[in-house]
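Presented below, as structure tokens, is a lone chain in the form predicted on its own.
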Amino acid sequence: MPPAIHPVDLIQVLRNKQLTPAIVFFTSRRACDEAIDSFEHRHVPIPPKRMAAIKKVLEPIIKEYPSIAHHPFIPIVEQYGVAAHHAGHLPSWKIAIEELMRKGCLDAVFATTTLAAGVDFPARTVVITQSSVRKAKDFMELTVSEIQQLAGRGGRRGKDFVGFVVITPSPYIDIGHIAKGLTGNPEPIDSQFVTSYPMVLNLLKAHTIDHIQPILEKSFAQFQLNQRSNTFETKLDGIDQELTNYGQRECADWITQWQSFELAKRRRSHRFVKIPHETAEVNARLSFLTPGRVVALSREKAIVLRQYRSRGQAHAMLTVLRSRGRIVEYPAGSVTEVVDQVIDLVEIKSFPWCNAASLDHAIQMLEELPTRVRPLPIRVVEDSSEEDSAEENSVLTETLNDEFPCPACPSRHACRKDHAPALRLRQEGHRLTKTIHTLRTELWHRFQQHIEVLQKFGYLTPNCQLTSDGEWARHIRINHSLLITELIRMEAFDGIEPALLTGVLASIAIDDDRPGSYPRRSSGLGSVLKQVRTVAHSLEAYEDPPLLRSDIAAVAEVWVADQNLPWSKLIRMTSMAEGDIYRLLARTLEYLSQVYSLKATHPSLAEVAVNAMDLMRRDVLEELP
């Protein structure tokens, strides 16, 4: 959305107050381009001397990057001293704008917030027009780190004594949120470490399996996991201290003894209800599905309000709070993921199962949850129902044939009073102990899971040595590597044309699901993609499938197949921004180069890959480093 003040008026005010050059941050590409277009309608050109200076700076850049020679924004840049800079533009155009800004030729650059994080691009003034930004498919408030990144662009070293941050009046700005972001502490840095199949193969190529666990333990990811486990250990110490406050009893393990005594009494009176057997995965999660726990359902996040057993079948059920304040009942098995976050709730014994203040707080927290949240690692153990049943029968036999000391025990009244809170503390201690163990071993556990998959598919031997397939598969260091290596092994690419290979790899590389208009795919590409989808679906349990968009694949295919197709016409064939097309093709080139690295073991396929790369590198793509 544009600011409430017109872009031309905004820049005029900044010029009059000597607050230029400025970076004006918008939340969308369209807003940036519309702001540039508005200058043509108001016609407020800069002095001729500055126009000449801009042309002089652009001349060598255009010689180096001919793709921007006829860029539609060049006349506006030269006449009005303003420019747009966002991911929808070619890298060469962004290089030109950055150079003009460094040389002091521009009064303002209209940019998206992504500029703040990735480019050394200072200005005297930063203008913030909104406090939220579109992420994925929804608008989210800017984080403290993002606000400070934006503000940090204000002030040029060696040129300005003070940098300025200007906030424009707008219905889309929360001044309090911006103020908090400018003065608050940034969010903690989270490790982006991901265990991948190529990483496992390359580590096992260089090290024995005994040496790899210490390597993983020294990683930043494990350091953060250890920090989280230290927090849980502190809570566990507090629980142990609370349990000791109950003092000594006649029985060493009085909690278990009293629980067995109560169980025996219920069974004797025939009032014990047998709980149905749940799956191992559901059983592992049940102890974590307590009130306040954030969980993921099939399509959205929710907060647990209570856990109970259904009448009749006695299945594990949850009452959860969903978006827009909806309170819904779900089977516990509907939970797809347990999130490592708990909301404080004041529980009550009737609907809505927490007091009004807690409910309002939970609704607000649910709306503010980020798109990606940290899952709580839960170790699923093998089903041990038969062993539990045998153990339970053994206990029952003892309780039915022998008398408990509880009726005559002097601690009986204290045990009856303290058993419920003490049992809850012990159960919480068990949950914390399991969580701590899982966090301490999470990376290693993931690594072992990947080993098992690679052994199953024949890339590793049972003693973790690379097979012949594992030796070449370790060179495919890109996303969806298992899918690509399996396609190569089943000879899906044998005899394929360069254009078809390029289209298939582009459909694997793309991660954008925004709709648009695209060229029609060929029948050959459709046939190959159908086979790729079948393989991707079969591997879904081991690797997230790619989007495999045939319309996106057609863009890459037609670029390689039609060597007379100019870049400008390719842009007109699709609704994608040319910067997005450039990144798609550049990423596809990277995928082709990975396939070409297999020239020693798959020479025919490598030759097709290098031919496709040669056919792709023309026009704008010749400017790739």
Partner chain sequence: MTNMTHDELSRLLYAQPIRLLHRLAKGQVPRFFRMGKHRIIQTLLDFPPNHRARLVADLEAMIQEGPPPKPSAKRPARLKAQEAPPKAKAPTPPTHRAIDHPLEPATSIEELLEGIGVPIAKIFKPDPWQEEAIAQLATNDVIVSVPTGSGKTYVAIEAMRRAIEADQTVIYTSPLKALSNTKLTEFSQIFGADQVGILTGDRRYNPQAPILIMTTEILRNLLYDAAGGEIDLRIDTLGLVILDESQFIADPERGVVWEETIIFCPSQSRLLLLSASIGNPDEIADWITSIRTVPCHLIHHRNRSVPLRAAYLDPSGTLSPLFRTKDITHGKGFTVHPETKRLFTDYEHQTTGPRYRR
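Numbering follows the first chain given and starts at 1. What we label the rigid core is the largest C-alpha set whose atoms superpose within 1.5 Å from one form to the other. Everything numeric here is computed off the predicted structure, so don't read it as measured data.
The protein also exists as the form predicted together with the partner chain; that form is not presented, and the subsequent description refers to it.
Residue contact check for residue 149: one or more of its heavy atoms lie within 4.5 Å of the partner chain in the predicted bound form. Mapping the unseen interface onto this chain, residue 139 falls outside it, with no heavy atom inside 4.5 Å of the partner chain in the predicted bound form.
In the predicted bound form, the partner chain sits within 4.5 Å of a heavy atom of residue 190.
Taking the partner from the other structure, the partner chain in the predicted bound form has a heavy atom within 4.5 Å of a heavy atom of residue 219. Of the candidate stretches 196-204, 258-266, 456-464, 338-346, only 196-204 contains residues with a heavy atom within 4.5 Å of the partner chain in the predicted bound form. Checking 182, 539, 492, 297 against the partner chain in the predicted bound form, a heavy atom within 4.5 Å turns up for just one residue: 182. In summary, among the residues 432, 317, 529, 173, the only one with a non-hydrogen atom within 4.5 Å of the partner chain in the predicted bound form is 173.
Contact with the partner chain in the predicted bound form, defined as a heavy atom within 4.5 Å, is made by none of 330, 333 and 379. Residues in 483-497 all lack a heavy atom within 4.5 Å of the partner chain in the predicted bound form. Once the cores line up, the CA of residue 495 ends up less than 2 angstroms apart between the shown form and the other one. Core-superposed comparison between the shown form and the other one: the Cα of residue 170 travels 2 Å or more.
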